[in-house]
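Just the one chain here, laid out as structure tokens, in the form predicted on its own.
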Amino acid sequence: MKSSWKLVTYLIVVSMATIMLAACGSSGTSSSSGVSVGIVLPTRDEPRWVQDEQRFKDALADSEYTTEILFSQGSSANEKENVETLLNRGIDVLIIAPHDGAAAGSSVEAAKAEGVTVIAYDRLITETDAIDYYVTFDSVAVGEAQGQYLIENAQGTNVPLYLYAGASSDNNAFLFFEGAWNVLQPKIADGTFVIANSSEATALQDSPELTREEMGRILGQITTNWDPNEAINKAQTHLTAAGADLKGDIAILAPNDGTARAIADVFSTDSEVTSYFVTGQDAEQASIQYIIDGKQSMTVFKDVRTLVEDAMGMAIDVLDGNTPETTGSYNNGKVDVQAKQTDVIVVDEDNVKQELIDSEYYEASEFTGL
């Protein structure tokens, strides 16, 4: 009996040792046991980033590589924890859309220290050399398209111009505003527009080019922080302070679709505002309905499908040992970051069906009155 028990015990020990050795052998291949690509997005509270989440998942669906996607919910501290979590998962590539471009530096430096390739997604990470690549839309071109649309629809002179911007912590907000200022400033200087809601912008209205510090002063007055509620509060404050000469037919530079809808809702309730043109960007579904209904004038369509494909294509190139294709570079205050740029398209009521329905970005059944 004792001999039989010793034999059983021996067989169990041998079996367990075999299993442990097999497990140790398999842990060496990140594609089978770890996460290949870690993705950190800024928030679940904006439709655009939730859509990106699904598109990232779809982009790797037929690949041997794996991904994990985490949201920072508007917190740089959460963002750093998310990066640490992904590093512990054994990622080889980090794709990150930072909540705060400067604050994200320490997170990506930790990733670089682990030998991870860092790809900044849509928003540039600033003041660090720990970025390998940047995938982006041409953010200056977005602002120029918004400004040009307001110019093309301005009637007469002294058109009140209300300026709004994104978050000062987001480098893109500066680039969007820079682009808009590039085209609007000459029309402010010649009297086509009169700035209605920023003393800092008024003081600089004769300056064709603004320094980062000068733009920062203007953004300090007109920032929405990408928050529709903050946009509502600012719009209400500005309309309350404005005299009749700053109402009537007006132009509104709104930085994105969420703030555009919020600002439009405020201006549309003021009986002294007879008409308005308001810009946007991201082609959010709710804003496309607003455009169809005549409540928002335009949006800058940034086909996120292409941006996701570019980011994942770049990640796969890295994982396959190839050098990703780039089309330009952006200086982040520390280094020139090699970038892949994606084109943008202006969408208004005249081409909304062609650009967003015919391209299968949306289905016609998602809208009324189309």
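Because the structure is a prediction, the values reported are computed rather than measured. All residue numbers refer to positions in the sequence shown, first residue = 1.
The same protein also exists as the form predicted in complex with a small molecule; that form is not shown, yet it is the one meant from here on.
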query	finding
Partner-contacting position among Asp282, Asp100, Glu144, Glu79 - heavy atom within 4.5 Å of the small molecule in the model of the complex	Asp282
Listed residue (Tyr162, Phe277, Phe174, Trp226) with a non-hydrogen atom within 4.5 angstroms of the small molecule in the model of the complex	Trp226
One stretch from 102 to 110, 166 to 174, 183 to 191, 245 to 253 that, in the model of the complex, holds residues within 4.5 Å of the small molecule by heavy atom	166 to 174
Proximity of Arg48 to the small molecule in the model of the complex, heavy atoms at 4.5 Å	yes
4.5 Å heavy atom contact, Arg123 to the small molecule in the model of the complex	yes
